[in-house]
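In structure tokens, one chain follows: the form predicted alone.
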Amino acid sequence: MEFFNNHKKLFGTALVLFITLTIIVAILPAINNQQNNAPLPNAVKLSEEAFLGKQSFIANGCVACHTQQVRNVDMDKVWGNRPGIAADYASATRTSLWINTATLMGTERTGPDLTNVGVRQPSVAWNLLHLYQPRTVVAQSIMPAYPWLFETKKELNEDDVEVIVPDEFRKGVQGKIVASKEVLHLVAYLQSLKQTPLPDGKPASDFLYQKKKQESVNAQSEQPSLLPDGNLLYVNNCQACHQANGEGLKGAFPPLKGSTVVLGNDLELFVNIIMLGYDARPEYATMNAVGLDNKLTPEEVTAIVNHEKTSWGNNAKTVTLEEVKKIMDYINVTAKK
């Protein structure tokens, strides 16, 4: 009974037991996991700007609505090329000595998952406009706007990045809307979020509960088509900027409805814009290389071209896979040089 009556021995023993169990149950397994889960060989470390953007991402509560984890189920395939693995998070480090926000996997998808958003939406112009007022680019968005991350100026300086906001969303703001350093860092972080390809020869895990693919049907012949669904490809690769109605956004993203490029006969120009992007400044924002960034196949590009040529009142002649493939073969060879 002397042991239980001596508070120093009692609490001292409890403390030693607690520390010992913590080391055995928590610390040693964590060290072992850290040693066993190294980053993938070609993983890219966050730049200084992206790291500052990560801090802004945390400070503005983005993690409350966006996850960064691609689960091993078919419904998550839209968020990444493969299911997430431990190595994807192995290079994440503590924000500071006292703050552990290494991984931002999240627990709720009020907004879309951001694991691979740097591939899905690499356009700086789109990201800035989306952060200033999400409903300019996604009419149904419930995401809050972040106008305090931007400044208003009468005249632009040489290094200023102007954000072209449609008149109906300016709410009386006069002058030039300019991106702050913080929001540029935040965009740099978003653009850095890309799934690292697995090393050559390492197959990715299959997504579970896969749905059976249905063949698309050609509206004219009512026969199964060799091409994928052009409308779905447009939604996944083009709609964010050019909008569901194909009318784009005035001053930001050009319309495809009635476009001379879409309705014209210069297929080489059309395919080059999809694959390599286009700089239409100062009239419109610079378009990134959607085709190369998203690794679109000739079948997918052909389906997108034909969808745009025959949608929103457009009534242009469709193109063949062979025509597109010939142009893309040359682009791919040139891009590798």
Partner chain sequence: MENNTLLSETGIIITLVLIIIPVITALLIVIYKIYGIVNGLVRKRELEKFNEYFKGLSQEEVKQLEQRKRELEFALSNNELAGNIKISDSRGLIASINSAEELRFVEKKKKSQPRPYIEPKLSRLILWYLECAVFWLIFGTTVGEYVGIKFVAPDVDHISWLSFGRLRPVHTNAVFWGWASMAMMGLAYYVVPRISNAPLASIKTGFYSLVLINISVILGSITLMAGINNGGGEYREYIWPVMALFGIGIILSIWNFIKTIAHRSNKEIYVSNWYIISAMMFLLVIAVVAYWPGWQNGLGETIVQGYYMHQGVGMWFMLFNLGLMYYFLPQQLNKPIYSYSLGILAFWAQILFYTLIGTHHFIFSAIPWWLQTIAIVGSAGMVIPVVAGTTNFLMTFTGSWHKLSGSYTLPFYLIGIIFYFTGSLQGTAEAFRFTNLIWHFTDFTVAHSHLTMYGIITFMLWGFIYTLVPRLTGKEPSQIIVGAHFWLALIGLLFYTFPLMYGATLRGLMWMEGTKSFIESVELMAPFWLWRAIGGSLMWFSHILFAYNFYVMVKSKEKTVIPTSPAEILLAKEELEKQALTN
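In this text the structure is predicted, and so the values were computed from the model without any measurement. Between two forms, the rigid core is defined as the largest C-alpha subset superposing within 1.5 Å. Numbering follows the first chain given and starts at 1.
Beyond the structure shown, there is the form predicted together with the partner chain, which is absent from this document and is the topic of what follows.
(message) in the predicted bound form, does P144 come within 4.5 Å of the partner chain, counting heavy atoms only?
(response) Yes, P144 lies within 4.5 Å of the partner chain in the predicted bound form.
(request) Tell me, yes or no, whether S123 is in contact with the partner chain in the predicted bound form, where a contact means a heavy atom of each within 4.5 Å. (result) No, S123 sits far enough from the partner chain in the predicted bound form that none of its heavy atoms falls within 4.5 Å.
(message) Even though the partner isn't displayed, in the predicted bound form is K194 close enough to the partner chain, meaning a heavy atom within 4.5 Å?
(response) Outside the cut-off, so no.
(request) Give a yes/no on whether T13 approaches the partner chain to within 4.5 Å in the predicted bound form, heavy atoms considered. (result) It does: once the partner chain is placed as it appears in the predicted bound form, T13 has a heavy atom within 4.5 Å of it.
(message) Can you pick out, from D206, E108, D266, D200, the residue that has a heavy atom within 4.5 Å of the partner chain in the predicted bound form?
(response) Exactly one listed residue reaches within 4.5 Å, namely E108.
(request) Would you mind picking the one in K176, K181, R71, K257 that has a heavy atom within 4.5 Å of the partner chain in the predicted bound form? (result) Answer to the contact question: R71.
(message) Counting any heavy atom within 4.5 Å as contact, can you tell me which stretch out of 296 to 304, 269 to 277, 42 to 50, 61 to 69 lines the partner chain in the predicted bound form?
(response) In short, 61 to 69.
(request) Scan 84 to 108 and write down, in order along the chain, each residue with a heavy atom lying within 4.5 Å of the partner chain in the predicted bound form. (result) Heavy-atom contacts to the partner chain in the predicted bound form: G84, I85, A86, Y89, A90, A92, T93, R94, L97, W98, I99, N100, T101, A102, T103, L104, M105, G106, T107, E108.
(message) N42: after superposing the rigid core, is there a C-alpha shift of 2 Å or more between this form and the one not shown?
(response) No; N42 is a residue whose C-alpha shifts by less than 2 Å between this form and the one not shown when the cores are overlaid.
(message) Aligning on the core only, does the CA of L28 end up 2 angstroms or more away between this form and the one not shown?
(response) Comparing forms between this form and the one not shown, the L28 CA shifts at least 2 Å.
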